[in-house]
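There is one chain below, alone, in structure tokens, taken in the form predicted on its own.
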Amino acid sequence: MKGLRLAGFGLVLAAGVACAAPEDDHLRLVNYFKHKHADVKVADYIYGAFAYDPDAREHYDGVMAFPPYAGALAEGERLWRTPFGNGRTYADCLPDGGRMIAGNYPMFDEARGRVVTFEMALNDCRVANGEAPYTYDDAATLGVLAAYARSLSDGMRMNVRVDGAAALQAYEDGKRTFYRRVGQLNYSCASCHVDGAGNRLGAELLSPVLGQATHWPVFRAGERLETLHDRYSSCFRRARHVPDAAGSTRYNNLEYFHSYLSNGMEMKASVYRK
């Protein structure tokens, strides 16, 4: 594998189309990856770095046949089905009973003037029914609940919308975070997941930004649940940059931009990653 090429397409996109419409950003990246890795189908990027490695993909398929984290998903289902104190459930306060909706998130809430993630929607449901919200970074509650609830949208196509000036402002803020170099190593998200996608950084094969938002949370090496915001923090730390807390405005806006780039791709939540 070639080493990381850190001065490529990501920098051009960030500098040259800062005011481009979101769909322009999306199409540029799709075309970039079609050219960069012509032997990989765009639809296969939902498998992350496994799209580049047939042997690793075969291992992934084997693990997914009998996932070792089935117990965590069962706990998430239990939380999902347990009635609130008023007798209602999550299915009663989410559109379509919570099925085939996760791909619409994150979404911009005009009334609140902010991005709302799927995890926030689950907590909003709790509060609306007289329950205390879960801590955003608690894997044992909101983590496993979201893991199960997202699985109810498996097969849905990502469908994140950016409508209106305020929503576009949040999207552009997330885009700036994605392309901004930070930390002592001077890396951006794009350094690894656009310019370096398909290359190795140490022992790790770098995944492409396309498809990344389709499969969270993931279970690392068995049963360790990792949310998308956990991953953002991990990447910042690797760049030797101070991370935010899960659920911060910066992370929510980054997730908004990041998720839009996977529009049209099939969702498969709660998957194995090494």
Partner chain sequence: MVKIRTLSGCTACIAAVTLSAPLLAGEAESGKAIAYDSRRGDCLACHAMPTLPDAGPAGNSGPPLIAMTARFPDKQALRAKLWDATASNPDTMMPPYGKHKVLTADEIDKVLDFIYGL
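In this text, all values refer to a predicted model and were calculated from it rather than measured experimentally. Residue numbers count along the first chain shown, from 1.
FYI, the form predicted in complex with the partner chain isn't displayed, but the following is about it.
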Practice item. Quick one: find which of 147-155, 104-112, 124-132, 188-196 has residues within 4.5 Å of the partner chain in the model of the complex by heavy atom distance. Key: 188-196
Review point. Wondering, does Gly97 line up within 4.5 Å of the partner chain in the model of the complex on heavy atoms?
Key: no
Exercise for review: Would you check, heavy atoms only and a 4.5 Å threshold, whether Gln184 touches the partner chain in the model of the complex?
Suggested key: yes
Check your understanding: Even though the partner chain is not shown here, does Arg240 get within 4.5 Å of it in the model of the complex, heavy atoms only?
Key -> yes
**Study point:** Exercise: Arg88 in contact with the partner chain in the model of the complex, heavy atom 4.5 Å
**Key:** no
Practice item. Consider the chain as shown here, without its partner, and state which of Leu73, Leu201, Ala139, Leu79 has a heavy atom within 4.5 Å of the partner chain in the model of the complex. Key: Leu201
